[in-house]
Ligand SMILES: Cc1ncc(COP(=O)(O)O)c(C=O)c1O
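Take a look at this single chain, the form predicted on its own, given in structure tokens.
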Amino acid sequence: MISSRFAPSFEPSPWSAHVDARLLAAHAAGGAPVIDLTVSNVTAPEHKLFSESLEESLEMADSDSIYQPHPRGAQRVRALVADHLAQALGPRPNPNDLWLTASTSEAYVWLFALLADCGDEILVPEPSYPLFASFAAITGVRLQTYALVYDDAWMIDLQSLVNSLSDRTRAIVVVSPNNPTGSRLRRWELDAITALCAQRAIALIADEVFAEYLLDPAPDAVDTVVGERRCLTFALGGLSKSAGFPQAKLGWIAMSGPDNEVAAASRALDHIADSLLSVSGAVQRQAPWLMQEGRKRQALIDRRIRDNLTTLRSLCDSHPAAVSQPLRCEGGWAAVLRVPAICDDEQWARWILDESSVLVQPGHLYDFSAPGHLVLSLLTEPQRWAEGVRKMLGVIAQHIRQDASRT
């Protein structure tokens, strides 16, 4: 028996099953390999970003070192994180207001458990990365969504957010930059949300894992919520994205807000952290090297995503059929492509995969509310990226012509 909080079936979706079958057929036929424009793991060998692995570069600390855990993580590591945030985003949090975690995903689970009883509600954006449902299932909370809307740029539909609030709302999650839309929190959005949170005693959780990758930010974009005092606030980050070290498993929570709320939440979060003590002592001991090396990796990632986004825009602009256009992306590692809604997104992705051996993601995987969206990873190796985008655009143009001939 398993908990009723989890779905009764773990069978793959029709789209996943189709992708697996198509990849297997391509391998069996010995033909040209599929060009995968979806891989977001920065360490994937096909991206060719880094010349050495973590294991080759990092000499881990001795296993017999004295184990002296602290619920919030080692003080010197929290000071390093505080310095990193100050250098990258501006505000420097007090290291005593930082908690180290093994990942941002773990941070979400800790905070959902900290803030909400079973059956309470957490507000999350839509579209966004599809992991919130898993965090909610693990902690027994319910999700309510608010909409992101596009009008030359992505923004929060504040009326949608207000309509989603209830007496059981315990936290509002913002993701800035959002994955996959790349949208960043605006100053007026933050002002409105913090006012709601303060009025209703609701916490703000800001996922800022992509905050250091800025592509086309709006003038009133918010760099970070670190140090926000108007409501109980948690800013999340980690080395997985900011330094290109997902295997190092080091993330953080920065807490701020009214003094009385911070004091109460700190005691409870200490209890959760002290019960789990999940961050590896070896990783904490090597944090100085990880931070230093991470700056080099971040520069490589930043250059890759900028170059690939430029290539995507150029190829879309120059395509004779003007078949699609990338939506404005202010940060992060993903690009959202708008295509004609002559069919649903999964059908577009199937056509592209079957007819050009290029793999993209249908927008419904990220809960886009309307058809006509495909999601691509900007981490792809540039030569394969350009080839894959050209082939993808060719398939899109062909089906647009076919649709026009039928009408």
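A residue's number is simply how far along the shown sequence it sits, counting from 1. Being a predicted model, the structure only gives us computed values, none of them experimental.
Another form, the form predicted in complex with this ligand, is not on view; read the next lines as being about it.
Exercise. With the cut-off set at 4.5 Å between non-hydrogen atoms, does Y129 touch this ligand in the predicted bound form?
Worked result: It does: once this ligand is placed as it appears in the predicted bound form, Y129 has a heavy atom within 4.5 Å of it.
Exercise. So in the predicted bound form, does any heavy atom of V209 sit within 4.5 Å of this ligand?
Worked result: V209 belongs to the contact set for this ligand.
For this session: Indicate whether this ligand has at least one heavy atom within 4.5 Å of a heavy atom of S240 in the predicted bound form.
Result: S240: contacts this ligand in the predicted bound form.
Exercise. Is I205 close enough to touch this ligand in the predicted bound form, meaning at least one heavy atom pair within 4.5 Å?
Worked result: Residue-level check for I205: no, no contact with this ligand.
For this session: Go through T104, S160, S278, S266 and name the one with a heavy atom inside 4.5 Å of this ligand in the predicted bound form.
Result: That would be T104.
For this session: Identify, from the list S256, T139, T169, N179, the residue with a heavy atom within 4.5 Å of this ligand in the predicted bound form.
Result: For this set of options, the contacting one is N179.
Exercise. Where does this ligand sit in the predicted bound form: which of 286-294, 146-154, 104-112, 217-225, heavy atoms within 4.5 Å?
Worked result: That would be 104-112.
For this session: Could you run down 161-175 and flag each residue that has a heavy atom within 4.5 Å of this ligand in the predicted bound form?
Result: Residue within 4.5 Å: V175, and no other.
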